[in-house]
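In the form predicted alone, a lone chain appears below as structure tokens.
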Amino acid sequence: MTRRVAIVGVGYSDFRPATPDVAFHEMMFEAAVKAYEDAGVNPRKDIDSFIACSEDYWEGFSIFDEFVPDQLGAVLKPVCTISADGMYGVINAYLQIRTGAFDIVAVEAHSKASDIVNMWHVMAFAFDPIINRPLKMHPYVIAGLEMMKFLKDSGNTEEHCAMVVAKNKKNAMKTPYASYGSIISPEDVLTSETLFHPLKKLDASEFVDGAVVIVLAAEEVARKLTDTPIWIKGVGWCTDTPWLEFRDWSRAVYAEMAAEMAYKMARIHEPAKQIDFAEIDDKFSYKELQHMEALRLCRKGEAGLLVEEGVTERDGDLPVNPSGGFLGVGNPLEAGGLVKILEAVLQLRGEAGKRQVPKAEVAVTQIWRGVPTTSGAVVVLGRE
């Protein structure tokens, strides 16, 4: 069955670097209530399926999906848990609706990063347990090595990466859910503490707590619920090799292949001309440049030049991360992809306030699972 699918509701909790006064249950509930109100639906009566994106390692609980139904209004309803980023959850919801078995699906993802005592030890569990994990290296060593290789092969520079940080933190100043907005110069980035050469402290996003819920619906239902449905035009996902020893360190192959899949579905032949703005993964500054090239928003080696020329500014010809990206909003773990989609929906509806991108009709959103993985997803959204 061929059914168009739209996003009809979005909601999010307060995003903060630390939330000792709020439990994850409360964040999930707050985001869900807002999303259901936005969509005009009653979860107990109208929503057919619920998807929660959570990873037991982050949560500190085994079988975390036991905590999902009560907060989402999903008791005695189908609940699917995906141990991956929220963008994968949106793709799963899209596919569920396309089957014809469900008309309305809700997707939730959240971060309670401030509760994690030692983030780096948890991240280290993603390394190969025989070859890499015994080295006991900090996970960001991988980011430093990849940044070095990408800059060397692409011709982009550390200065270009610093410009990305300055741009995104400035954009975040106008984003109500951003925690790390500020006015800094590229020089501030270049002179910040070196983590793992050439990666500087300000090149890396900081973690943040928060929750997001997205409601999707089939076309016939979506048109009854809202006058501004945001259509999912294309989806794609890819996982490259998990082996550090065999991956391409200069390219985001996972993003290239996921984008190819999504663009084909969305009939996007010239992304740089057909896409109005992009919300892409920038957990590290160089990743924004690498992902721009992987998504064919520019030619290989030209991402830094576009940043330098102001093309990727909010008022530029191709805005990239008008929300401020993860460098400005913060890295919300598995909620990252939903934050990207949230911003794209608000922009396409014309509801982004002071950060509104003019004439926003088509957006590309993209996520990367983070070091040391090579997993990612892409969703193309449009007003029609």
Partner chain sequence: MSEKIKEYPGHPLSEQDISTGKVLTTKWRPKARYMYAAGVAISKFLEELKNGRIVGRKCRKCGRILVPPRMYCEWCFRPTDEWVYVKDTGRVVTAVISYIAADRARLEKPEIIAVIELDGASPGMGILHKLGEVDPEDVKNMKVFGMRVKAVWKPPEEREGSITDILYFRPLKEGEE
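Everything numeric in this text was worked out from a predicted model, so none of it was measured. Positions refer to the first chain, counted from 1.
Quick note: we don't show the form predicted in complex with its partner chain, though the next part is all about it.
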Give a yes or no for K112: in the predicted complex, does one of its heavy atoms lie within 4.5 Å of a heavy atom belonging to its partner chain? yes
Does P43 reach its partner chain in the predicted complex, with heavy atoms at most 4.5 Å apart? yes
Contact flag, H121 vs its partner chain in the predicted complex, heavy atom cut 4.5 Å: yes
Residue contact check: D38 to its partner chain in the predicted complex, 4.5 Å heavy atom: no
Of the candidate stretches 359-367, 372-380, 5-13, 18-26, the one with residues having heavy atoms within 4.5 Å of its partner chain in the predicted complex is 18-26
Heavy atom of each of F246, C298 and P319 within 4.5 Å of its partner chain in the predicted complex: no
Residue by residue through 72-102, which ones have a non-hydrogen atom no more than 4.5 angstroms from its partner chain in the predicted complex? L72, G73, V75, L76
